[in-house]
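In structure tokens, one chain follows: the form predicted on its own.
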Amino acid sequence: MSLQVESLLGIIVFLPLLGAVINGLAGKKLGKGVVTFVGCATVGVAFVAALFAWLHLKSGQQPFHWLAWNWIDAGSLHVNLEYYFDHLSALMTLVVTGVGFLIHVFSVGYMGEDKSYYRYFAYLNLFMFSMLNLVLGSNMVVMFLGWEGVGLCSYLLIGFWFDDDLKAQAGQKAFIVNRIGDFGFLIGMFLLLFYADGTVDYLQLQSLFSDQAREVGTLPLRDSLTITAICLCLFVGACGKSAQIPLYVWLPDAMAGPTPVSALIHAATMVTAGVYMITRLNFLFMLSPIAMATIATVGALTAIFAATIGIVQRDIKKVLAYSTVSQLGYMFLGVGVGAFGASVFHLMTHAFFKALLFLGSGAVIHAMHGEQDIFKMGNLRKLLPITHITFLIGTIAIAGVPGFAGFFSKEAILHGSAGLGLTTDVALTGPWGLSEYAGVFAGWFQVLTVVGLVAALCTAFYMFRLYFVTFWTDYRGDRHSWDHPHKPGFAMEIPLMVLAVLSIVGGYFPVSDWLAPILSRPAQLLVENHDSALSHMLMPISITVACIGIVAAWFLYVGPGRRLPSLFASRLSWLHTVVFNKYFVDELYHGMIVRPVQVVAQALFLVVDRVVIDGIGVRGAPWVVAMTGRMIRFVQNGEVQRYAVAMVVGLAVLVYFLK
């Protein structure tokens, strides 16, 4: 294998880091033009390098490694800073660098007047470096380096306008919630390291937990309960990073950051890290039916829960935020039923149409002078024709209309859940993998399929509600914004058009076939239900559901039923209030978790800080020194007579004891 092909991985990973260093340290002095060139060019060249590496792999060549340096050597633990380019990492790298480059270009127009322009691009480049470490790392430690890196960059970018307290608090919330998930991830990684012969390398782990190892009985871990515990701990980390119940609450608030940040981090890249991690370790998760069923259940519940909230939101970015949470739930439903290829397929198509929708919303907000309430917009198709067309394409794609990217990937996930069931592997021991549960799993997955269909109905409805209210209803906003809109320039419109094309043609790429060489499918863990009635009827049902959602949105917001939404909101005010306020989950968390922690922290502050540190440490030490000085001063006062008396008394005592 040529050295040039291997070295492409170094270019892909470290070129964005170079851009972050240059813009971060010298960007303020270099000027806007240089910052723009460095920020965009480093990511653009990384994308080109990733494209060459993908073509090399597509030509039939084997996956390849690039070793940066030996990182950790501690006893039996050996971890290298090494990168691995296979079918999964190739797809993820192309998505991260390709969509990332388009968002960098869009940011040139969107953030052009910001006083911290250089800092913004430094953060974006640093995020790209971290995300590429996450998807290209050849072991879990390098992946965790990127995992924590994207968490840090998320905090920096969400709170980019830190002089606004609400935006700063949103960044803190994202950071803290992600740390909760990361704690579970660390426990799972340490347990795996302990039981897997001290290795965290993907290829070595795959060999240890391979089909052959199960057949010959050489699995390093045979207890189903322990494997389930490891998988569930890793899944906790995925819930935090990919915003699943109960750790989803940070993502809607993350909309406080600049809109291109929402498109990059919270639609196309960072939030898919959990899906990527489970897919990468699919050979391990397939050993635990309980863990797989848990993942599928949480994913389906997240999809329907977030979709219902999106129905009544007024903020254009909040609608898209809850849509992101819902679509991530779909992806976890896919990996939970073992349809890993379908889930990654939806990850890719979602990156295209959701980045398009977020950037389109950014163009709308930019044109409306910062207004984000869709009910203070309307008829914008006349002011923003290109944004209107591209936004419509993204809306059709996410609604699951046949022919567009979202239709194919959603169908793949729903077919997987309707036609698959989990059983156990006879090579494992323990009470959590009994084969008689196979029928239960198959039936439960079909229930989750129905939940997914209801979520799809909600998605089609609230996305076309957003589209119709923003672009078709009568304008209801500020007259100045209508008369003097900030129309997007070419730097903002070109990425929209490219992403619109990808939202159409992206569904025709055979992702499942492309990923087949790296996906595990043990025959005794997946049971196909070819006779499932739901599976045979799924496509016409799915198309019907999408059409119902679209027609309902048109009828209620453009057609003759325009008065019904306000009537429903007034007649069912309690329900509208509950859903509009996101089921008061944030308030519940604040009352049950945040406030008690604050009370305990304040009590500890009084005891530890004021009593121990201030009382004993700060004021106590001088008091001891002062009292000691007073006692010594009483004796050492300079009077010779007292010294003589002390000497005589001392000699008398010595004579008495030594006689």
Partner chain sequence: MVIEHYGSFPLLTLVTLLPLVGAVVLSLIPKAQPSLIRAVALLVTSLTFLFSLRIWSGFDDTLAGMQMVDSFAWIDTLGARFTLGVDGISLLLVMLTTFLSPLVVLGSFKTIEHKEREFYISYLVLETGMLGALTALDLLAFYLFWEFMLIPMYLIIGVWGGKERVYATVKFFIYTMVGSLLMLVAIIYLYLQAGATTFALADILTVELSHTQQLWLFVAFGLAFAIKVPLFPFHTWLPDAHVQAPTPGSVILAGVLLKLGTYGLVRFAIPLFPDAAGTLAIPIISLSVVGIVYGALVAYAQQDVKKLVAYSSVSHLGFVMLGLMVLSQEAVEGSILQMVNHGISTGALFLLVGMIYERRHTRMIEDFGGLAKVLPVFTTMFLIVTMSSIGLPGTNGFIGEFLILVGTFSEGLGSAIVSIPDPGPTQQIVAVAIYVLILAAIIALAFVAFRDIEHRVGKIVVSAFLGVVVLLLLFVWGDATYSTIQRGVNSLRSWRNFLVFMGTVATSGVILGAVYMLSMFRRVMFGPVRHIKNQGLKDLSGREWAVLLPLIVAIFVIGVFPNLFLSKMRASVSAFIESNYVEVTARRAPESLERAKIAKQQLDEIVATPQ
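Numbering follows the first chain given and starts at 1. Throughout, rigid core stands for the largest set of C-alpha atoms superposing within 1.5 Å between the two forms. Just so it is clear, the model here is predicted, and its values are computed rather than measured.
Another form exists, predicted together with the partner chain; not displayed. Remarks below refer to it.
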Any idea which of 290-298, 180-188, 507-515, 320-328 reaches within 4.5 Å of the partner chain in the predicted bound form, heavy atoms considered?
180-188
I'd like to know if residue 634 sits close to the partner chain in the predicted bound form, meaning any non-hydrogen atom pair within 4.5 angstroms.
no
Against the partner chain in the predicted bound form, would residue 630 count as a contact residue? Criterion: heavy atoms within 4.5 Å.
no
Just to confirm, residue 55 within 4.5 Å of the partner chain in the predicted bound form by heavy atoms?
no
Partner proximity in the predicted bound form: residue 475 to the partner chain, non-hydrogen atom cutoff 4.5 Å
no
Flag this candidate site as yes only if 37, 375 and 389 all have a heavy atom within 4.5 Å of the partner chain in the predicted bound form; otherwise mark no.
no
Given that the partner chain is left out here, which of 482, 162, 580, 568 has a heavy atom within 4.5 Å of it in the predicted bound form?
162
If you look in the predicted bound form, which residues in 65-81 sit within 4.5 Å of the partner chain (heavy atoms)?
69, 70, 71, 72, 73, 74, 75, 76, 77
Would you tell me if residue 59 moves between the shown form and the other one by 2 Å or more at its C-alpha, with the rigid core held superposed?
no
Does the distance between the two CA positions of residue 622 reach 2 Å or more between the shown form and the other one, the core being superposed?
yes
